[in-house]
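The form predicted on its own is given below as one chain in structure tokens.
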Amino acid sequence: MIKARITPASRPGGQWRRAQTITAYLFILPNFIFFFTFFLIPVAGAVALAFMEYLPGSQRFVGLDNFRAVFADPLFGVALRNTAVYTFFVVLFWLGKALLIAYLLDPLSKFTQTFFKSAFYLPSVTSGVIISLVWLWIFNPTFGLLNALLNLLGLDSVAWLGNTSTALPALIFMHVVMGGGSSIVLLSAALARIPRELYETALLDGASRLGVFRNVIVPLIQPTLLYLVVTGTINTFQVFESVYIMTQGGPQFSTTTVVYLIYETAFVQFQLGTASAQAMILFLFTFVLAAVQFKWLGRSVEY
């Protein structure tokens, strides 16, 4: 008796599964082409530029000279410090604001929650350029809204964006006020998944509301908090448009961030090799910081 050899393609349903696999690859092919063309190739080009001296009409391999130049530049240290300070305070206050608002919205009706979440999410879908222009008027030393309120209280006007001691805090304040919409939505969803019986049991056992928040709510939403801290840190490290529109890195480099410095090095001074080296250092710094956050904050997270 001769037995026919059964291959994966000749098994029942094998051809259908193969056709299904080919169809799936065809669906992801357009997206992969765009990803390869507009992301992977430019990133590979930027990595190559970091080791070259790139001038119009000539390119020369210089090894690690661009990285040595970046670390020897005191302005890069200032930009890195400004970016770190900006990121620390924006993520801290923006996440605290989002957590407080989500906690206050949690007991409300679905309709009320939807209204407020939509209102807080609105700045996230508004152009950053428009938001920066509105806050330029608010911070204006002559006819701005903030100084008008100070004058009503009998206080002197302040050059919020023209003073080295107030320019960076003003930018931080703007981003804390306008940011956090998507975080409120995610935290509200995380709070809604917590069984209400846990709240009631803890309160019946004599726990205070602060104790319930610290010992019941925070541990249960810790995966969401970890995600928001990591993504928020990465996003705020890339702050650019508000600095470009509102302060141009001034006064006296007090608001110069790393990404703004990369822009100036590349497109004002036309030192593309040095700018690429700065971008590589920023990427490595952000990657290490995210890994530390996952290692440190993710120890007690239970998925």
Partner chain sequence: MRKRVLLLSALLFPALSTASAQQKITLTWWINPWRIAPPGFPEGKTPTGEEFPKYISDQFMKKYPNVTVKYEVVPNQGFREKVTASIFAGNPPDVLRPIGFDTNLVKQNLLEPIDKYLTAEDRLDFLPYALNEGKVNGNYYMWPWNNSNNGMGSTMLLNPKIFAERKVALPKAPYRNWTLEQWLAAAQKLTFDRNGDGKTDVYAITLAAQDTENMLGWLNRFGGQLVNDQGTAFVINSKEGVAALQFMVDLIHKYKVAPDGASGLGVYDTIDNLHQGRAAMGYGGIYEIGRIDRYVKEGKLKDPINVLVAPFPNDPKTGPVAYQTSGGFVVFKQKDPYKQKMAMELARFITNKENDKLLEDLLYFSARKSVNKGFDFKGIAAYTDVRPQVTVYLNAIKSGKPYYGPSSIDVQPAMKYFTAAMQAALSKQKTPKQALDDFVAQATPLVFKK
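Numbering follows the first chain given and starts at 1. Note that this is a predicted model, so its numbers are computed, not measured.
Missing here is the form predicted in complex with the partner chain; even so, the following discussion is about that form.
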Contact segment among 37 to 45, 62 to 70, 243 to 251, 23 to 31, judged by heavy atoms lying within 4.5 Å of the partner chain in the predicted complex: 243 to 251
Contact check in the predicted complex: Asp106, Ser109 and Tyr227 versus the partner chain, with a cutoff of 4.5 Å between any heavy atoms. Do all three pass? no
Since exactly one of Thr201, Ser208, Asn151, Thr126 fits, which has a heavy atom within 4.5 Å of the partner chain in the predicted complex? Asn151
Tell me, out of Thr114, Thr231, Asn163, Asn215, which residue has a non-hydrogen atom within 4.5 angstroms of the partner chain in the predicted complex. Asn163
Even though the partner isn't displayed, in the predicted complex is Ala159 close enough to the partner chain, meaning a heavy atom within 4.5 Å? yes
Using a 4.5 angstroms cut-off on non-hydrogen atoms, would Gln271 count as touching the partner chain in the predicted complex? yes
Please tell me whether any heavy atom belonging to Leu261 falls inside 4.5 Å of a heavy atom of the partner chain, as the geometry stands in the predicted complex. yes
Is there a non-hydrogen atom of Gly96 within 4.5 angstroms of a non-hydrogen atom of the partner chain in the predicted complex? no
Using a 4.5 Å cut-off on heavy atoms, which residues of 115 to 148 contact the partner chain in the predicted complex? Asn140, Pro141, Thr142, Phe143
